[in-house]
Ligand SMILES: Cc1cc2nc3c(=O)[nH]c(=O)nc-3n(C[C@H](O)[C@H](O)[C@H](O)COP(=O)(O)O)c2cc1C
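Next up is one chain by itself, shown in structure tokens, the form predicted alone.
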């Protein structure tokens, strides 16, 4: 497989609506972003009113429709400089922590680690009480202790930055872009 001239960002979307719009806005400000969608992400995007055709105008999109997660082969050939998972459900965070790679997004996270590609994870469940936007209203959720513990465990991973707020996501992505710009000058 031929390496691209300019490595890209692999942006994973999971089944969360928590800051979904804002996460996509951040992704939209960046050059060369590919969206990796879990099956749940495809459902959630539809529930929140996103048109896949519109997203394809801005992003290259990979969907979770192969048993072997075939698109992860791109990670072995320098196609990506960064993985961002935003927003990340507690389910995705738990799978990442425990090494379970059974969705396209958990697979790209695992391959990023194996290829030493830095990752940024915007975890949804980071506080004892979270207010979030559902497709029809604002709701308050109470993450379980296990959810909070998994976020803490993920923070210990090498080459992984965990963002707990939208500002932290923006900052982590900006830092990655600054590192890339500094290394290319």
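Note that the structure is a prediction, hence the values are computed from the model and not measured. Residue numbers count along the first chain shown, from 1.
The form predicted together with the ligand exists for this protein as well; it is not shown, and the discussion that follows is about that form.
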query	finding
Heavy atom of each of 6, 81 and 111 within 4.5 Å of the ligand in the predicted complex	no
Which of 154-162, 53-61, 33-41, 112-120 lines the interface with the ligand in the predicted complex (heavy atom within 4.5 Å)	33-41
Interface membership of residue 47, the ligand in the predicted complex, 4.5 Å heavy atom rule	yes
Distance check, residue 89 to the ligand in the predicted complex, heavy atom within 4.5 Å	yes
Contact of residue 128 with the ligand in the predicted complex (heavy atom, 4.5 Å)	no
In the predicted complex, residue 135 touching the ligand (heavy atom, 4.5 Å)	yes
Contact set, 12-29 vs the ligand in the predicted complex - heavy atom within 4.5 angstroms	14, 15, 16, 17, 18
